[in-house]
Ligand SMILES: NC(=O)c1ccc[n+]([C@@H]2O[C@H](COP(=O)([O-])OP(=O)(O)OC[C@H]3O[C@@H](n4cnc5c(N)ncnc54)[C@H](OP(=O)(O)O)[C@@H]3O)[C@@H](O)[C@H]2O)c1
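Just one chain is shown here, as structure tokens, and it is the form predicted alone.
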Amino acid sequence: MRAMTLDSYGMAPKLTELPVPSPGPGQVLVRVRATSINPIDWKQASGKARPLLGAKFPGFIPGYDLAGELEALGAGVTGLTVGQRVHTRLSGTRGGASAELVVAGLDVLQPMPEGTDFAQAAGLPLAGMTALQGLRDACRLPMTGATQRVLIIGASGGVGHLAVQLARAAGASVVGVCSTRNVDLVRRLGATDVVDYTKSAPYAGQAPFDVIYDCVGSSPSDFLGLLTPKGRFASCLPGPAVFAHAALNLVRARKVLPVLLDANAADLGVLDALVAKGKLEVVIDSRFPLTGLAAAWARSSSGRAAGKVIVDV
């Protein structure tokens, strides 16, 4: 099979021929049709994620989010059939998605939602679960009947564009933050108002918010003044300032929380149900061939992608 591999941190990925892997008990072999790029992919490959997320060299295959068809079932796997269309986020830190075939566990795997293609299904796992868990778990936003006022920073990005839709589907009043070129997109996705951060005094007249979900790595100090007394600020790209504020949660009325992904099949299923109902759309920013993996990383790291960057395998 073909795979894109790395032999050291910072090198360009190269196309390599590798043996076809075999699924073990409780595992499946997936023929990969598409993967999606997340910042953690190129950060791991460059070494920027060390020591939290290393890579085993030589022959490291980057990537975690994927969609494809079941090629073979390991011993003990039931309820699935060869040829079935599935998507998942690979567990652990070993990567593997940037290949024609990959062994996957069942802990995150789900059948693809009806009506989606491989690109959309590949773009959902990490970004969708991060958006869901940040709003529901960290910010305590009810997923139905919500009346809160929600600010999404980075509303056109991979996580942010899904967070806008999830908060709106929950019933919240959503204000999205983005640049001028993405205002129409964020409004189309359901934001009741859009803040163009390139404008002077962009937040004038917008506060207060019950929930602020940061998807770009902002400093919480810049936004705490926009919260209600019991409001919550969460970041899915938490820097030292977020963890420092979070350590003071016991003595502060306003809460600051990091969002750390807990990839699981149940939450992916929640997202799939919303996709099937037409309440959640994965926006595709751009698509690259497998051999264009380095270019896909460059697009993701540019910070200009609106939605998800996809690699077609």
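Note that residue numbering begins at 1 and tracks the sequence as displayed. Every value quoted in this text rests on a predicted model; they were computed, and no experiment measured them.
Unshown form predicted together with this ligand; subsequent notes refer to it.
Comment: this ligand is not present in this chain, but in the predicted bound form one of A49, A246, L261, V270 has a heavy atom within 4.5 Å of it, namely L261. Screening R188, R181, R94, K199 for any heavy atom within 4.5 Å of this ligand in the predicted bound form leaves a single hit, R181. Every member of the trio L126, V216 and G303 reaches this ligand in the predicted bound form with some non-hydrogen atom inside 4.5 Å. Within 4.5 Å of any heavy atom of this ligand in the predicted bound form lies no heavy atom of G134. Although the partner is absent here, S156 lies within 4.5 Å of this ligand in the predicted bound form, judged by heavy atoms. In the predicted bound form, this ligand sits within 4.5 Å of a heavy atom belonging to V177. This ligand in the predicted bound form is not approached by S98, whose heavy atoms all lie more than 4.5 angstroms from it. You can rule out all but one of 231-239, 165-173, 67-75, 105-113: in the predicted bound form, only 231-239 has residues with a heavy atom within 4.5 Å of this ligand.
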